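Single chain ahead, by itself, as structure tokens, in the form predicted alone.
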């Protein structure tokens, strides 16, 4: 569906894209990861000519979009784009934002456009906001509207340029949930993201960009677990994932904390951050999880750029958010954890598991 050959882009004499080569098949979900400033967003913007490349070729459905004879407007109609900022019209209602382009460019009737718009709003969980002004909505809601607006043009490809980077941490998951569901529909998606867990879970392949090229690519699981190249390994180590199986019957808190401390120090967390995480984990595991749940999976991720820590605990069996339990025994522990974390979210997953997601 997309083939990129020797793509180059230069800013003020600085080559941001030196020699990018990539092939994307129809229906693939490609997450593009890598350090800041390595041309990830520039690459996306070149694909629909929001940026004019300085060399190379971009073939979409057999047409080179850098050929002056190619109808770029027709190509762009096949490609939706969701930006970091939402770019919605604040003086229009949600439904008007979604129906404007299909009526103007696809020549749809108002009736058909509104019918499709309501279907898309239902898909992103905001049908009840159809007649609200977009300026009245939260950032997460506005980004979900932006996704619905992109889908309203019935694109074959959607480009996501760090769609959660401008959001408050409490709103990130609602947007990622919509994107997870969209990834199952078969539409071709290219996603620039720093959300590593999301990239690993939803992507058919990962592009790791560095040195102005696609430095390494491969199936998501393979690239995350066994990257072949040095810089990819270094980047993923800086992201850092710590996994542990929590079994109440033989859990050794001191051994666990020793392993976690070693991991946290490798991620260059300072002593104060590690001490805070020790307190959260001890209260969470010993006084909140284990009184109610005997077996769970724990995953801790640390962001490369912000050092923000994400804690995920998943389990089968007992439903309900353990941070909101009415059990008096863990009341102090719950208060300690809530006070020291920026957000928490409980959800039930399709595979029958429960999940508690905490950001510190």
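From a predicted model like this one, the values you see are computed outputs, not experimental measurements. Numbering follows the first chain given and starts at 1.
Absent from the display: the form predicted in complex with a small molecule. The rest refers to it.
Site residues 11, 35 and 38 are all in contact with the small molecule in the predicted bound form, judged by any heavy atom within 4.5 Å. For the chain shown alone, residue 45 is a contact residue for the small molecule in the predicted bound form, at least one non-hydrogen atom being within 4.5 angstroms. Contact between residue 16 and the small molecule in the predicted bound form is found at the 4.5 Å heavy atom cutoff.
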